[in-house]
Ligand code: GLN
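Only one chain is shown below, in structure tokens, and it's the form predicted alone.
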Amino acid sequence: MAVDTAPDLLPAILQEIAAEARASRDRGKVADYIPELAAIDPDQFAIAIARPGQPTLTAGDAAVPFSIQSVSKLFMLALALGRLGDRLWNRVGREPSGHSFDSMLLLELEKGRPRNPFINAGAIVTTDAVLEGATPREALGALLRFIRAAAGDEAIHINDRVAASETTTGHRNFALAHYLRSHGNLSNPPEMTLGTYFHQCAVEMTCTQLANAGLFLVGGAGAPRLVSQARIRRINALMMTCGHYDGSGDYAFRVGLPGKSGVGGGILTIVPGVASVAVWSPGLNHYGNSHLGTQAMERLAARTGWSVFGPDGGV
């Protein structure tokens, strides 16, 4: 279980980590297969720490909005569990895939039931489940209301240009959706579910907003009560085992905290009972996770002792 570090040390730690990130020459590669993301300046870095009942601490470009992409999957998962409860697990599993986020291999072998709700196929099924009895506008409205309530910020919105860019280039996601449909695991037309999914991924937030939005998963006194404590535990468990795709084990090894990444360069990490941490840097590593963001979280965990496995010696 993570323990809180001396709060007066955190601002200096964040500034040190931001300075180290700015000095790094290896920044990874932006997600150039989505045209709107290909144009993002890779020389940006932000980090924010939100703690229940305390001011949010930031360093770097924490006021710059970015596309949260797959980080949105955890908010849609919370929404789906609120509406369907454990019925969702009839359609999607809870195991790591060991494959890339858009892989079709296991989906074909396992007859259209995705391994977990954080790979693309599983997230498409989760979005499809939220669409039961709802229009895309209603589903996206519910998602935005949830995120805004979690962050305490009504300014959070969807970037329609990014959604259109993903729709134009999302051929592999269309293939996944049609394969799911062929196995009876997609209730709505693929175009309807994917239109909703692409807009979900195009939610735009700053690092500060994202850290604040993650507070509902921290638990403990003063944290927002949007889901039950039992559900918080389960979502955090899935973030730990599946939140970084085939890099989830590496992130658990290096950071020791549940986290969810997105190809926009954002990572939301939860320190149970203590804090919600967001980092953003657009360049990605070979897993498709933020290169500098992963390094920053490793350094933060080492310098604070934050880990679900106990304190570490340091980086």
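All values derive from a computational prediction rather than experimental measurement. Numbers follow the displayed sequence, beginning with 1.
There is another form of this protein, the form predicted together with ligand GLN, and it is not shown here; the text below is about that form.
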| query | finding |
| --- | --- |
| Check all three, 44, 66 and 206, heavy atom within 4.5 Å of ligand GLN in the model of the complex | no |
| One stretch from 77 to 85, 135 to 143, 196 to 204, 214 to 222 that, in the model of the complex, holds residues within 4.5 Å of ligand GLN by heavy atom | 196 to 204 |
| 4.5 angstroms heavy atom contact with ligand GLN in the model of the complex for residue 253 | no |
| Any non-hydrogen atom of residue 263 within 4.5 angstroms of ligand GLN in the model of the complex | yes |
| Contact test in the model of the complex: residue 173 vs ligand GLN, heavy atoms, 4.5 Å | yes |
| Residue contact check: residue 290 to ligand GLN in the model of the complex, 4.5 Å heavy atom | no |
| Stretch 17 to 54 - residues with a heavy atom within 4.5 Å of ligand GLN in the model of the complex | 33 |
